[in-house]
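For reference, the chain that follows is the form predicted alone, supplied as structure tokens.
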Amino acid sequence: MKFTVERDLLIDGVNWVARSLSTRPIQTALLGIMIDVTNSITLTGSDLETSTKATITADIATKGKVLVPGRLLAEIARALPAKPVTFFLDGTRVLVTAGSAKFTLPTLPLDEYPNLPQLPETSGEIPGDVFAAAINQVAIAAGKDDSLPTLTGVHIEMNKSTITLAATDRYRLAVKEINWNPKDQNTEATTLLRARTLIDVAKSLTGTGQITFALSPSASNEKLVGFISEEKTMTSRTLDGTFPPFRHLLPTESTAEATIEVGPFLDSVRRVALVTDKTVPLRLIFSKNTLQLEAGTGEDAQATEELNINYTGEDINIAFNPTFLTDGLQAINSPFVHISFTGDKKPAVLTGKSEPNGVINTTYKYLLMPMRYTS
């Protein structure tokens, strides 16, 4: 096996494939990236839950297949000088050269590498930038506690030409609706994928062109979701369990509403929150077109700030986790935030607006539970 490849193509492909490598795999072969040289170069990595592939073009002298330590290959690729990179399999070693830089990589037992699941049948397409933005808006609300695996996922619901993504950690809920182009206009399906898997998709399978979805049939024993973009693919097993019902949590009416410019609001939240931590709430007092932000009580450090806002309805005195509030304000991706309330002790819903008196963008909703605070 011998081939020469451009360094930047190698780095891009290896970095993508290395994402799915486990730091503690159940078998040694899963530490490796498989390099399969045919008419092009296919790089493969897997932790048996998620599998990634990248196809890159190269000047191929001889074909072959080899398994090398994946993370070491990724580090070497990033460190190589900006020159063409040559790979040459010499017995049980792979020689990697670029200019005057030379590395020798050991190989791993190729016959121990598991058979990976095949990419499911294509279900439809969506613009990459649209899908990436939706994932980033929703995945922030996914749980981090692996003892509650269902809540570490993003619920994906496909209903004809609409995809709904939802995630919750029990303290907040993010819901986003986007349009897509299904292969079958009557497509209806749901799946649950790890949020961290989707974040990797957003980082690496987007930016150019379309992303193709691939779903296992509902009757299949293998519950898989695939993503395809240009020369990269990812296949992931879905999470077991059922995502909790969430639509009934989003109120249809409100007793008070506020419209606030996001930039100054974010700045105020960050300043006042300097005297808090994740366990200390940030108190918000809404009244007569003003918002008073307060944090800290008693002998602790304290901070206050006031903003002029557009406000209608009853006075609201409520408190939020400042980190969760900041996440929501950033995720709405709009110049103005619209906040609707149904009471001091009930969740608030954040949505975006392009103008103070403009139409509310209801395609993204961020529901935030209030915290208890000491007066």
Partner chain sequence: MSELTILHVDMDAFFASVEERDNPALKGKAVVVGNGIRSVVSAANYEARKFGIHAAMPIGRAKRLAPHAIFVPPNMARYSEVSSHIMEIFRSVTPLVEPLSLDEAFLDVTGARRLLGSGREIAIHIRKKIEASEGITCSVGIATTKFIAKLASGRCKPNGILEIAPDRVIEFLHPLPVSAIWGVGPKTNEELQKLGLRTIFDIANTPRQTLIRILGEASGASLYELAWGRDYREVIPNEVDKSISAAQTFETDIEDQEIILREFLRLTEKATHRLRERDLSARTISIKVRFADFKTISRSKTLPLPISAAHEVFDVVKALFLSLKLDRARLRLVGISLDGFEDGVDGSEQLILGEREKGWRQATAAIDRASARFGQGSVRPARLIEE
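Since this is a predicted model, take the numbers as computed values, not measurements. Numbering follows the first chain given and starts at 1.
Not on display, but discussed next: the form predicted in complex with the partner chain.
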Just to confirm, with a 4.5 Å cut-off on non-hydrogen atoms, which of Thr168, Ser236, Ser216, Gln137 contacts the partner chain in the model of the complex?
Thr168
Just one of Asp90, Asp111, Asp184, Asp145 has a heavy atom within 4.5 Å of the partner chain in the model of the complex. Which one?
Asp145
Location of the partner chain contact in the model of the complex, chosen stretch of 25-33, 327-335, 340-348, 43-51 [non-hydrogen atom, 4.5 Å]:
340-348
Thinking of Leu9, Thr57 and Leu80 as the candidate spot, does the partner chain come within 4.5 Å of a heavy atom on all of them in the model of the complex?
no
With heavy atoms only and a cut-off of 4.5 Å, decide whether Met371 touches the partner chain in the model of the complex.
yes
Decide whether Asn115 counts as a contact residue for the partner chain in the model of the complex under a heavy atom distance cut-off of 4.5 Å.
no
Any chance Leu367 has a heavy atom within 4.5 Å of the partner chain in the model of the complex?
yes
Given that the partner is absent here, does Ile285 sit within 4.5 Å of the partner chain in the model of the complex, heavy atoms only?
no
Considering only 240-275, what residues come within 4.5 Å of the partner chain in the model of the complex, judged by heavy atoms?
Leu249
